[in-house]
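Given next, in structure tokens, is a single chain: the form predicted on its own.
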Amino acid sequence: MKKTSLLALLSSQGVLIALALLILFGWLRYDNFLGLFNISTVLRYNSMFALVALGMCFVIMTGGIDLSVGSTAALGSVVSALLSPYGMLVGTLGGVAAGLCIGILNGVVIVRLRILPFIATLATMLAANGTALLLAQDQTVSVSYDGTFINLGQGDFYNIPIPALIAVVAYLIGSLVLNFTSTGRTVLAIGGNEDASRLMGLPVNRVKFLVYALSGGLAGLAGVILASQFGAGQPIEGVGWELFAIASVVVGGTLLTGGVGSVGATLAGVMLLGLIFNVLNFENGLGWISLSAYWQSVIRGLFLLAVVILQSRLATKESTA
């Protein structure tokens, strides 16, 4: 009984335990690890990944996948940068609308044409990437510094980064939708057994369409923050973002097969991965290791593989215990 309880605890709360241990390690090892500047930097930068991971969480809980989120974010950054001279509101709405268009296209192709999510989102990933490069003319697009657009990514509200506040609000809404609405219950039911959900009369097609539209819209919003934070729309910046999002979702305990998931644990997964790279940067500063930015992709891939294997082993032991 104790072994079963321990396995259940590791499966459900493992990401929080790992996050707490990593924060403790960083606090004990590095000066200013919990300083205001480092905390603000980590929250501001990882808010983009948090938004992308939130949309991915809902998609994966239905048993699907969205490989287009990185390219969609890049497209959103380019569109918002092009519209930034017209103000923050227009730039933000333009970037979100661009992402929403990709998400709607994914939803239509997957739901109406019954194309596998992997194939459909792979196609839209290429389309979004090409569109971003065409609009940007194969170069970064500088944002306008005359208006208020840059405040969205670079501004603070009582020393709290605005992008972090946006991410927190998005996660609060996502948690409420998942846990207290019929739409959230339908998302989990679809991932558990789509055919049974249809036989029960649940609005399977509508909810699947909504989650892909949501994923695209949140990716577009992440692209807006990207352009505002770094002062430019970047058509190739989103490479590998889908891997970060998938890793964050899986680390949070959401099964790749769908039917089980947590919005809050996904946020913890984002922070865990973000702090891992933050710790690596501190180690670079101490001179113990020297890893280029390209190693981040290698680490993400290996970390995702390790977590999937661990998740599978825990699920097998829990079922046999």
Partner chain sequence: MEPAHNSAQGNLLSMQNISKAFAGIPALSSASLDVGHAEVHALIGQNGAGKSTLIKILTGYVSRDSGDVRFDGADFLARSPQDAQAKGISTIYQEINLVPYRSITENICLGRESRRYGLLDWKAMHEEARHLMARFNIDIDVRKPLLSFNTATQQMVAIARAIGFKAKLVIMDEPTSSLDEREVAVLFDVIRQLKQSGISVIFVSHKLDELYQVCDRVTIMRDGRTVKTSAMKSISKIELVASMLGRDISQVSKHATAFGDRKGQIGDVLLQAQGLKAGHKVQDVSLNVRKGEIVGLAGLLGAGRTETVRLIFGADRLHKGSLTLDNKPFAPAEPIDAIMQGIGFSSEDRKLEGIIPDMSVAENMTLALMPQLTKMGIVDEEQQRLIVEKFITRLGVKCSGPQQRIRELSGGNQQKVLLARWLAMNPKLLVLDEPTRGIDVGAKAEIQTIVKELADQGLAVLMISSELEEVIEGSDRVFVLRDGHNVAEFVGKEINEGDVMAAMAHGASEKNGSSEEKRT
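The shown structure was predicted, so the numbers you read here are calculated from the model rather than taken from an experiment. Positions refer to the first chain, counted from 1.
We do not show the form predicted together with its partner chain, though everything after this point is about it.
The contact with its partner chain in the predicted bound form, taken as any heavy atom within 4.5 Å, belongs to 189 out of 162, 88, 136, 189.
Note on contacts: among 131, 92, 229, 197, the single residue with a heavy atom within 4.5 Å of its partner chain in the predicted bound form is 197. When its partner chain is considered in the predicted bound form, residue 157 lies well away from it, no heavy atom lying within 4.5 Å.
In the predicted bound form, its partner chain sits within 4.5 Å of a heavy atom of residue 260. Contact annotation: residue 202 falls within 4.5 Å of its partner chain in the predicted bound form, judged by heavy atom distances. Mapping the unseen interface onto this chain, residue 145 falls outside it, with no heavy atom inside 4.5 Å of its partner chain in the predicted bound form.
Note on the interface: of 147-155, 241-249, 179-187, 208-216, the segment with non-hydrogen atoms within 4.5 angstroms of its partner chain in the predicted bound form is 179-187. Along 24-56, not one residue places a heavy atom within 4.5 Å of its partner chain in the predicted bound form.
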